[in-house]
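Below you will find one chain, with nothing else, as structure tokens; this is the form predicted on its own, and questions on how it binds or moves follow later.
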Amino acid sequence: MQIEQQLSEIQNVVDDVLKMALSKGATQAEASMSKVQGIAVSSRMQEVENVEFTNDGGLGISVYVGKRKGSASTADLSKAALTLAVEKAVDIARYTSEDPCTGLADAELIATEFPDLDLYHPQELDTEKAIKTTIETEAAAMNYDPRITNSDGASYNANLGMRVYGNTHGINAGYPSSRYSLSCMVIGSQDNDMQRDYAYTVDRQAPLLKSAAFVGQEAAKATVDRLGARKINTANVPVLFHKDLASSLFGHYVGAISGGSLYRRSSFLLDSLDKQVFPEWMNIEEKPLIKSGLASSSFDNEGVSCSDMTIVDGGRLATYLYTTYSARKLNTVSNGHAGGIHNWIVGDTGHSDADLLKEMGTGLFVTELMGQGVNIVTGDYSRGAAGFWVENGIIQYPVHEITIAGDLRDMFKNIVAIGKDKDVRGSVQTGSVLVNQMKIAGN
């Protein structure tokens, strides 16, 4: 069946469900429906461990009876099941408490243009090829160095899906998308030391994935580089966050400027709009309409139109992130962030990765973070870490079993430089981030 026909059929189902909701007493309604086909293959020690096929879908509906809301979902898409889901949602709405902030997004905010963002690049879900790729990845890792002694496996995933959103303001739109990934994690041993590390690649287009040999060798190299890791003494030193995990710093920023945190008064960035949060040279732009972007979309999960936005302007907090509900709680309007962010591009200082090490001089180069010791309410930051000790801009030896700690306010303000070589495998595209000083807890 052609993808356009499948999309049209899903839109018809969404349309029928919305009409049914109104006929059963809802004053407003919204529905979303998705279908996914996929394959997941994993291997361990170069033998197939798991093969999974996915072919499922589901529909979720929320109805509003005045200012009361009810929701239901179903994976059974028969007429009887859809009717039951709508009836249950309406029944629930009649018994919930009124909430003045509930309801659909404002009609004038709803998307009306749906450009082709080039998100769908289908490829046959070929089991044999997926198995071959996975085993080749692991073989490349295991053959890289005799110190690679074990494997936590390699995995290949391919997903082809489509999503449709509709509401009673008139939107009924959707798009197909594809996503492919390949990853590998191996274990290395030397004397009495054992270390593990991983590598991965992800893209909308399967041919653009890094090769099996590249991913396997990257995982093995990262693991071997960590062998012989030591603990270091407690100190206050500069910290360089590798680009692979620097995006987590901005993930904490997302949490702190999200409307849900703000109306609950649970963010260290309350009342900070237009205030200096980062250095003056730093900007963050959101670009939801990037072709083939991993976080691209022309509308959010509530049908609100997405457009380019400046998130950080000259280091100042330029905007908070609102959903419809959080915006009403805060007496403003949604800016298209129901469901998350859309392709943040973090500005840089033009440094290469080698330049960043030189800029740091002596300090800690962090390549792994562990634990969840981050408090968005207070800004306190404390996480387990591993990486490399650097002196005079040159990596000296690997380190582990340490904790890095600081305050996110200080960490953000004291970013010294950001690398130009960006990790583009997620919703935040950033280079490595150098922070002026943090406390390292070691021996």
Partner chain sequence: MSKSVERHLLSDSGLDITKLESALATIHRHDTDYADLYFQSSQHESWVLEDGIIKEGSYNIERGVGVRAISGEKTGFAYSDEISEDALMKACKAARGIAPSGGTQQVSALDEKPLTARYSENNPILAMQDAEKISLLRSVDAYIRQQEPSVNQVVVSISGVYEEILVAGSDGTLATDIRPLVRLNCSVLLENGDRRERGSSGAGGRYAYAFFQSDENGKPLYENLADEALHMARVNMQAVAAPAGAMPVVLGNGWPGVLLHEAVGHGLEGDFNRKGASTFSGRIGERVAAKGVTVVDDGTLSDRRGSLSVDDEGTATQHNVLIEDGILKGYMQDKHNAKLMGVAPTGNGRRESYAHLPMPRMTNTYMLEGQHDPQEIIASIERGIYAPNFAGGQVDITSGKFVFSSAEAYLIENGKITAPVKGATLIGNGPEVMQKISMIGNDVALDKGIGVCGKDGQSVPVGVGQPTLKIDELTVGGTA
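Between two forms, the rigid core is defined as the largest C-alpha subset superposing within 1.5 Å. Remember, it's a predicted structure, so these values are computed and weren't measured experimentally. Positions refer to the first chain, counted from 1.
Same protein, other form: the form predicted together with its partner chain, not shown, and the subject of what follows.
The candidate spot formed by R44, R196 and A441 lies fully in contact with its partner chain in the predicted complex, as each residue has a heavy atom within 4.5 Å of it. In the predicted complex, no heavy atom of P207 sits within 4.5 Å of its partner chain. At the 4.5 Å threshold, heavy atoms of P398 stay clear of its partner chain in the predicted complex, well away from it.
For the chain shown alone, H242 is not a contact residue for its partner chain in the predicted complex, no non-hydrogen atom being within 4.5 angstroms.
At the 4.5 Å threshold, heavy atoms of N392 stay clear of its partner chain in the predicted complex, well away from it. Distance criterion of 4.5 Å from any heavy atom to its partner chain in the predicted complex singles out R226 from the list R179, R226, H351, H342. This chain is displayed alone, yet in the predicted complex one of I148, L104, A85, V237 has a heavy atom within 4.5 Å of its partner chain; that residue is A85. Comparing 77-85, 245-253, 115-123, 282-290 against its partner chain in the predicted complex, the single stretch with non-hydrogen atoms within 4.5 angstroms of it is 77-85.
Residues from 257-292 that approach its partner chain in the predicted complex with a non-hydrogen atom closer than or equal to 4.5 Å are Y263, R264, R265, S266, S267, L270, in the order they occur in the chain. Relative to the superposed core, T74 undergoes a C-alpha shift of no less than 2 Å between this form and the one not shown.
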